[in-house]
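To begin, one chain is listed below as structure tokens, in the form predicted on its own.
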């Protein structure tokens, strides 16, 4: 089975965030970047499928900040080929345009399955895998947590809200939005990543940024971005359970929530 995994770099919110001077977006030139955690799950699922089917895994990304390290890491983990689409324009591109650019490259490749993280922390719209499927004309499933290969295609296990689980059968080629995997993403040492980088294993493919499919973008306009505003509304409760209960009842009565 030939599998393509779409990777994306996202701001490292754990290291803190900064907002641009206009207050309309993150100050991406002042942030660190990491691989989208959901894409790491997608890569793990691809590597599991590779082991089960004697397959081939290709990872692909746009020229995101720090993407070289992510691609070398994927190679060190067991991916067979890494592709970086360069010349695509601004460092940050919305899901619609990103999907269109990737689809233009993917449709020229040989593949059976395309995997992507179900969403990314910097957009949370969960649209990339769905847009890839629409642009390429393939069946699609999202919130996937396990994949089983069958003689006629695959069965994807999906995890929905409230703990509900569903199974859906799809013909190949198909696109899946991966939410989790049967196994946690595997670890790879810095030494193996450095060895992968010494091999020069990233193929750079120049793109003019054209999507190859009609797209009007997300249709969203961000008017303001801001950090949570501080307040002084926190109330410290007494340590004694009885005193704490009395204090909570007093607060509820004060706000008119109980008589």
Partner chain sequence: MNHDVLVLAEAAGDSFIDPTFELLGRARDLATAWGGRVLALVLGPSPDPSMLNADVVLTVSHPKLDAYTPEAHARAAQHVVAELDPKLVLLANTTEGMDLGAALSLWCQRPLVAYAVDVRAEDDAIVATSQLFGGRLLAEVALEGDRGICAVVGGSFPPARVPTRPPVVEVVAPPVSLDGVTTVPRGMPPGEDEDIDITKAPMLVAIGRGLKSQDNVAVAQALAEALGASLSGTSQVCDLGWLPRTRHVGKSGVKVRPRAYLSFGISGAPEHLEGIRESELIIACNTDEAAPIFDAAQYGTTADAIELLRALTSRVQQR
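Note that the rigid core is defined as the largest set of C-alphas that superpose within 1.5 Å between two forms. Positions refer to the first chain, counted from 1. These numbers come from a predicted model, not from an experiment.
One more form of this protein, predicted together with its partner chain, exists but is not displayed; see below.
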Answer range among 156-164, 108-116, 67-75, 80-88 for contact with its partner chain, defined in the model of the complex as heavy atoms within 4.5 Å:
156-164
With a 4.5 Å heavy atom cut-off, would you call residue 22 a contact of its partner chain in the model of the complex?
no
Within a 4.5 Å heavy atom cut-off, is residue 224 in contact with its partner chain in the model of the complex?
yes
Is the gap between residue 98 and its partner chain in the model of the complex 4.5 Å or less for some heavy atom pair?
no
Is there any non-hydrogen atom of residue 205 lying within 4.5 Å of its partner chain in the model of the complex?
no
Whether 139, 145 and 181 jointly form a contact site for its partner chain in the model of the complex is the question; each needs a heavy atom within 4.5 Å.
yes
Name the residue from 93, 149, 188, 134 that puts a heavy atom within 4.5 Å of its partner chain in the model of the complex.
134
Of the residues spanning 69-84, the ones with some heavy atom within 4.5 Å of its partner chain in the model of the complex are none
Superpose on the rigid core, then tell me if the C-alpha of residue 240 is displaced by 2 angstroms or more between the shown form and the other one.
yes
Does residue 18 shift between the shown form and the other one by 2 angstroms or more at the C-alpha, the core having been superposed?
no
